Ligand SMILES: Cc1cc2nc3c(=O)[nH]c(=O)nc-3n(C[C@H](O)[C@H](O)[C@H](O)COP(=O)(O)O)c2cc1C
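Next up is one chain by itself, shown in structure tokens, the form predicted on its own.
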């Protein structure tokens, strides 16, 4: 076996886990306020079990509806209404040989006051934390000892309930600024009783929660504790303190799961988010070092690591070198739930590696579903599984070899259609290919290369350097056309825009040598901001000017938070409410709320959006019986939407 350590079973408590790959907790808000999951939720978790993970964990299940709930769609484990939905999810996971687990959480200071749970209780107007303070504009009261003991019993009762519903393990959330982590934090916990002060006292609540669960569920029932091995904030506890906390958990927790981050009391509360959920600007496996440090000091309790993991070779080395005993994956299994099976079967090159773009988490918060940029099947398992029988084979012309065109061609070929894929340039990949040499976009480049390999091995007639006109399309005599022509960079109408020192963002990405030592980027969307970060990494001084009053990352606001954090860390200037009026050979003159300002720069780069190739697309509409425009040629899209539309269109052909 290529990865013997990764696929070695492990016994924890009275349970055998078939390998060392656990699906880390991901909470799903696609539920009613009474606690009933929508139909798409069970298949989402089930796919991870089918994909080969040894354990699959539901995230953010609240143990205390009165004092501990953050938002209305969190599952309340003290709510009778949630029973049937949870049992169905546990069954969907168990029947594929994985252990169903669930994360037990209390929001503490992050709870929302007055959030009612129908059929259970009215939400309290009081918010409790370890010590009095003001947080998120709310007055936090010190949690009385009698409430602390109630919380402990609520954790135990929640664990017993899910055990009876078929869950084989629970994960106690003691990290990321939730209640148990708040008690550990020296910034937040200023108590002088048995629940504050020393490391032993600050860990006491988590320890007693573990003991209460074991008392209720049996000593053989595995209890995993997810804690922040370091708060990763100024004044917060360090990894040395994290080791001390982990030592307190020995003999009480059955797995010590090492994450990072707190965030309480910091600007926006997001500064540690790119660390807790590593952004694309972080290296793969960035947080493994914290688990490795804990592992040095603890040998009799399994240590789990998490964060930016999806490479089987890296995970094998983590286990083989003794840095951890278990690897936990969240976004990597959202992107490719088949990762474990592919690794075990020797197909690691087929794994779709997460590019950590945050699309999944942002769409979860915005739209209630984990939708992946690179894998259109994720959280659409039920929709795609319910398609009718395959249509009779058709001749399909796919116009455009970008992200959408490649996905459409692959899906249509898999459906048995005869596919011709035409791309007007000499390479597949589309305009996104301009970023292939950007270090923090390496997994996107790997994905494009992977799609190319799949197309090369499929029954697809690829025609490069072929521009499809209506005449050409008619000559092919296709039954269906999937138009994926894409978009081109929009060129703003600014005096001087055609100067020799001006270029578009795509050209700057492709050949950064054309950019001088300093650059002003016109456009403060994701493209412009990411380009500034890239140029800065090459030693060029870049700054961004944007007409709007604030950075707008679109729906992917969590990636926007990561970009903002990186800009701040790198000291890259950004100027909002600033409009470019005139460009000359030395820079650009802008109008600002304070009057005119001149930005001197060697190069001016415009990154003000894309213009859909709608006219070229419309020209093809009557060249075949079936016509499916997808992706940027309809309107500039995200990679996620382009992939979803392309796959769906290819499945619709002839049905």
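Positions refer to the first chain, counted from 1. For clarity, every value in this text was computed on a predicted model and none was experimentally measured.
What comes next is about the form predicted together with the ligand, which does not appear here.
Review point. Looking at 32-40, 587-595, 618-626, 57-65, which lies within 4.5 angstroms of the ligand in the predicted complex, counting heavy atoms?
Key: Only one stretch qualifies here: 57-65.
Practice item. Would you mind picking the one in 355, 422, 330, 143 that has a heavy atom within 4.5 Å of the ligand in the predicted complex? Key: After the contact test, the surviving option is 330.
Review point. Of 277, 161, 559, 441, which residue is found within 4.5 angstroms of the ligand in the predicted complex when only non-hydrogen atoms are counted?
Key: Exactly one residue meets the criterion: 277.
Check your understanding: So, in the predicted complex, is residue 27 in contact with the ligand at a 4.5 angstroms heavy atom limit?
Key -> Residue 27 belongs to the contact set for the ligand.
Point to revise | Proximity of residue 336 to the ligand in the predicted complex, heavy atoms at 4.5 Å | key: Contact check for residue 336: no, nothing within 4.5 Å of the ligand in the predicted complex.
Review point. Even though the ligand is not shown here, does residue 229 get within 4.5 Å of it in the predicted complex, heavy atoms only?
Key: Looking in the predicted complex, residue contacts with the ligand do not include residue 229, since no heavy atom lies within 4.5 Å.
Review point. Wondering, does residue 529 line up within 4.5 Å of the ligand in the predicted complex on heavy atoms?
Key: Because no heavy atom of residue 529 falls inside 4.5 Å of the ligand in the predicted complex, the answer is no.
Practice item. Counting only non-hydrogen atoms and a 4.5 Å cut-off, give the residues of 148-173 close to the ligand in the predicted complex. Key: The stretch 148-173, when checked against the ligand in the predicted complex, contributes only 173 at the 4.5 Å heavy-atom cut-off.
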